[in-house]
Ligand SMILES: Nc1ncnc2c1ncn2[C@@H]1O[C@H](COP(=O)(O)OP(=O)(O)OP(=O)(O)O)[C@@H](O)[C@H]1O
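Here's a solo chain for you in structure tokens, the form predicted alone.
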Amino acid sequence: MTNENIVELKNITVTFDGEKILDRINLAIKDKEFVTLLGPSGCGKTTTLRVIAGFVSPTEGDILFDGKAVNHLPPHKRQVNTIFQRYALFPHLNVFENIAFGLRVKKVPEAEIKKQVTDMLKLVNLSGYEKRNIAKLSGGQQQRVAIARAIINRPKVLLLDEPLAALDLKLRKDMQVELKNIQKSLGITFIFVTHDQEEALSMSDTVVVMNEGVIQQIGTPQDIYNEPKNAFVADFIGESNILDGVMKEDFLTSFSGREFTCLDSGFARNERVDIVVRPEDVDIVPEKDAMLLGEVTSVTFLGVHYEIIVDIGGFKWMIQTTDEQKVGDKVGLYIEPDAIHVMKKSKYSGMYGDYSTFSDEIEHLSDLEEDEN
């Protein structure tokens, strides 16, 4: 497998009506890689995809394919295909003709069209559906037709703009596995856009977390989850307790009124930092063994585990545990050194990570429901 960059974005800035939608984006995507652009609505991920496709021209910067600038190439001359949230299938054509459309435009011989479409139907698990009317297909089947139609021309890069958003949860999970398998078997570079963190973590080789038109972090799903760069990334990817801390010295930090051994180093002595502790990494222990003591203020049963909120000195922690607790219980918490992740302070410090609003929001929602009834 080659590790050459197939797509590179260099200092890409996009401005609409004086507002920066993308701010100096730099991104290198390798051949055959599954890359996901992840972030909330309005973060710039779809604009980034549209810049690669050629639907949006950057105000500044260069788009490179195989090392050559393609800024001035129109979309149909770039070696990409795009699958949108609405699959844009032709309702008057059956499954076979929808998939064959790109080959017919290229005037490929009929025997070759039949062979390639048959191969594609097999790949997307739709053998036997050739004559089916598009309107008679389920959402998941329509999505597979859209994928087959997009990849039959063998683009080097397939762009996918939230293609699973319209599917129900079970089907979405099935399609995540299928998309990954299709990408691996074809060896095509996939650039996928989503706001769904679980989708990004489960499918990608590389995740690009974006917010406010800026790339916040690029890394493997494991890196992004275990080593978030700032409070925004830590909060956006999974649940996180994010606390104000001080790095006393290498491998020693303090937060919540006491010192903890950690695995982080390279900070200034007594530098103010953000501390991340994931809810699943906190152990509930007897008070005599505890590092911190608190009171349970909320308990939610989620099947595999309980999600409990614990008040420690006014800061509400979230803890995920298989041990049942009750509201009002006094509990002890124990945190291993490798469960403590230290981050530099950022513009997002202090904005996330305390679950004091968690139970309040639920109560507020139930109040609203009562008002409506």
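In this text, all values refer to a predicted model and were calculated from it rather than measured experimentally. From 1 onward, residues are counted along the sequence shown.
Absent from the display: the form predicted in complex with this ligand. The rest refers to it.
Trainee: Suppose contact means a heavy atom within 4.5 Å; in the predicted bound form, does that hold for all of P91, V95 and Q143 with this ligand?
Mentor: Per the other structure, none of P91, V95 and Q143 touch this ligand.
Trainee: Identify which of G42, G67, G328, G313 has a heavy atom within 4.5 Å of this ligand in the predicted bound form; exactly one of them does.
Mentor: Here the answer is residue option G42.
Trainee: Considering this ligand in the predicted bound form, which of K248, R172, H195, R132 comes within 4.5 Å of it through any heavy atom?
Mentor: That would be H195.
Trainee: Of the listed stretches (303-311, 333-341, 33-41, 319-327), which one has a non-hydrogen atom within 4.5 Å of this ligand in the predicted bound form?
Mentor: Result for this chain: 33-41.
Trainee: Would I25 count as a contact of this ligand in the predicted bound form, using a 4.5 angstroms cut-off between non-hydrogen atoms?
Mentor: Contact with this ligand, no.
Trainee: Give a yes/no on whether E239 approaches this ligand to within 4.5 Å in the predicted bound form, heavy atoms considered.
Mentor: Output for E239 is no: heavy atoms all beyond 4.5 Å of this ligand.
Trainee: Though only this chain appears here, would E162 touch this ligand in the predicted bound form if you measure heavy atom gaps against 4.5 Å?
Mentor: Yes, contact at 4.5 Å.
Trainee: Can any non-hydrogen atom of I21 be found within 4.5 angstroms of this ligand in the predicted bound form?
Mentor: Result yes; I21 sits at the interface with this ligand in the predicted bound form.
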